[in-house]
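Presented as structure tokens, the chain that follows is alone, the form predicted alone.
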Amino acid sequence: MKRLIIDSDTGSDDAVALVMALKYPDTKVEAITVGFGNVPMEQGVQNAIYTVELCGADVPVYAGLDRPLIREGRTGQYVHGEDGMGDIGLPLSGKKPAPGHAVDVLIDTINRYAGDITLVTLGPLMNVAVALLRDPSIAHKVNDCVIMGGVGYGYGNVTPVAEYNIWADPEAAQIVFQSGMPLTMVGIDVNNKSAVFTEADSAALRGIGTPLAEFCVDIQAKLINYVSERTGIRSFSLPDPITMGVALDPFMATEVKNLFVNVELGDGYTRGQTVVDHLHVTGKAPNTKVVLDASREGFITMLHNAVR
């Protein structure tokens, strides 16, 4: 039995990742913790609870931090919609999170299942960072922390060199990367290679014909429009789900390097850049397993199986 904690900023791609985890065999999601990111934290909680209920699962969802540690927050609503789920009219309000704060839940659950938790982070890292500041020992009690964030090799999606989840709260990310926690980073470059859905891919997913399959496509509506306006191609990508795929089945990662990663804390274009030492020029010991490629076929198969 694989035990997961999922820390999310529940937008449209996070929701698909939650579906994959909640439907994966021999896996128990112990808790979903939610923080600021794609949408305000309170909306992310509503989206996570809706997704859990749609899957027929019984997993508690906890509210966490509603802003970055230091900086002014900037959501991803311009990409995912005001509700983060494509603005398609889903009933995404009125649900109550489980009692307790996400940071406390992270600390308590990791300590309760020491050595047996895979922590999967799908958004900015403020909840995890504060948990580490309060109890540094949890860094050595997780089996792995699989991070959707950063850039292993390539370009960013919010500045030329930075990916949104790290850029949104670089101070939190730096705390996590310097914590000594075992880390696996799945950057936006992996998404660009293996998790872009064309119209044909979207039709194949919808064609499975289940409510979950339709949900996973329908909630990408705003994202499809955002991508189309900028590229002229009607497509969407699923960075959080391919990260979840690696967390659920590490063999999905087809190229991994153990490297030193640092986070830039300045302003301007390099804010939130994950500086990855591919040539070991810093002399620093590796602190992260950096995924550079993943099986697209394996990911598509896992997603299709989840929604059947």
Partner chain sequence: MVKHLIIDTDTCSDEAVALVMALRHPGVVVEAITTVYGGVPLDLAVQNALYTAELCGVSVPVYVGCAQPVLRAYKPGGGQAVHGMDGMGDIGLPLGGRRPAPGHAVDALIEAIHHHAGEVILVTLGPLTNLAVALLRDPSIAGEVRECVVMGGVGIGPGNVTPVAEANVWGDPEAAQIVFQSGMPLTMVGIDVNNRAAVFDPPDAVALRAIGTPLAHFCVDIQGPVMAFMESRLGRRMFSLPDPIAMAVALNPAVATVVKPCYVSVDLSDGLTRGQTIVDHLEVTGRPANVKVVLDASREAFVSMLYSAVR
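The shown structure was predicted, so the numbers you read here are calculated from the model rather than taken from an experiment. Residue numbers count along the first chain shown, from 1.
Another form exists, predicted in complex with the partner chain; not displayed. Remarks below refer to it.
Only one of the listed residues (192, 178, 159, 225) places a non-hydrogen atom within 4.5 angstroms of the partner chain in the predicted bound form, and that residue is 178. Contact with the partner chain in the predicted bound form, defined as a heavy atom within 4.5 Å, holds for exactly one of 130, 92, 196, 208, namely 130. Although the partner is absent here, residue 174 sits close enough that one of its heavy atoms falls within 4.5 Å of the partner chain in the predicted bound form. The partner chain is not drawn, but in the predicted bound form it has no heavy atom within 4.5 Å of residue 275.
Under a 4.5 angstroms non-hydrogen atom cutoff, the partner chain in the predicted bound form lacks residue 31 among its neighbouring residues. The partner chain is not shown here, and in the predicted bound form it never comes within 4.5 Å of any heavy atom of residue 54.
By the 4.5 Å heavy atom rule, the three marked residues 200, 234 and 307 all fail to count as contacting the partner chain in the predicted bound form. The stretch that touches the partner chain in the predicted bound form, counting heavy atoms within 4.5 Å, is 132-140, out of 208-216, 145-153, 132-140, 182-190. Residues 65, 67, 69, 70 are the members of 57-90 with a non-hydrogen atom no more than 4.5 angstroms from the partner chain in the predicted bound form.
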